[in-house]
Ligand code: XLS
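Read the single chain below, which is given as structure tokens and is the form predicted on its own.
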């Protein structure tokens, strides 16, 4: 089924600048523009996901698919359909000009009647993916296994009450980790889509945590055995599809890793919409992961504040995203992680070209956020005020407390004599918020005037 799947886009999406009225041109994103000493493309390491963009037909619990996706035609032979899907995906990656993509095993190859048949299908398609990657230069950011869609995983994979399901999931991850290694993936993601519970009435929390820890340990062991140098990532999510999932947020994941001697084996792949489902801002989750030393990669999207579920919309708020990018830049930037667009079109966006509009808007939003965050880093005022707020800890009192050179009684005595009598100090929140806005405005002003240096 070799064809031009996106005929409305001829050639690669160009940079048109903020003054361009071409909807199929970038207004801000320039892959080769230098920001803080390296190209924008290397800062952002943008990836397109295969599941929402090429596997989802636009269906929901109330209705069938709405999208124009010829590669999803159920009348096609499954492997012929998979090849067509791969052709469409790489045509899209190449025309959009992104350096990376991400996929689950079942995104690219159909499930067979047996595990052996499923594996054969996957390896057949890996040959196809390799050829497309060599032809286009698009690389694999990370791979993962779908351990949540098949009915066998209704009660979880690693945390399933049936050890045979655990074993089946282990075999699936082994295969997909080896595929990711073969394709040169930067990372491998463990997303526990159903690693949680729907009711505590039939759940043994202690047992399921022990099972999950053992599963993660086995994966880390196999990573070393096959010589995979990429990062193992856990993607936190608080609930949905289960009532409660064990990888609730970054802090929960860190506590789990620490309890089970898995520190250093895993980092986190943070998703913006998962952060909001957990009651956090995305800024918080990134800063928390950085502080805990487990920040790895990002699934960039947004939720709808009026809907309490994972709507997976494309990002469009520079204000919110710039704060998360600022924390990433403060931590040294992305290494083998990236910004993967784990986002999907709205069901009424039925044209194939809408995929381009969505990703172009998301990439421009990311680019503006990067420029604003870089401005905050360069100006240094936010960091200076933060350090000033904690300056007392560099003095004798602060040093003695942290060095454990004092006792509770000694501190209480100094307070009782009046030697220590602190006064409230301003946190300057409004000033800091104004500095963030100023950085965004400066970027917008420069962009409006055509300054792209």
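Residue numbers count along the first chain shown, from 1. If you're wondering where the values come from, they're calculated on a predicted model, not measured in any experiment.
Although not depicted, the form predicted in complex with D-xylose is the subject of the following passage.
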Residue contact check: residue 105 to D-xylose in the predicted complex, 4.5 Å heavy atom: no
Contact of residue 142 with D-xylose in the predicted complex (heavy atom, 4.5 Å): yes
Partner proximity in the predicted complex: residue 237 to D-xylose, non-hydrogen atom cutoff 4.5 Å: yes
Contact test in the predicted complex: residue 191 vs D-xylose, heavy atoms, 4.5 Å: yes
Answer range among 320-328, 118-126, 271-279, 169-177 for contact with D-xylose, defined in the predicted complex as heavy atoms within 4.5 Å: 271-279
In the predicted complex, the one of 364, 247, 310, 208 near D-xylose [non-hydrogen atom within 4.5 angstroms]: 310
Heavy atom within 4.5 Å of D-xylose in the predicted complex - residue from 256, 71, 356, 148: 148
Contacts with D-xylose in the predicted complex - residues in 276-305 whose heavy atoms fall within 4.5 Å: 299
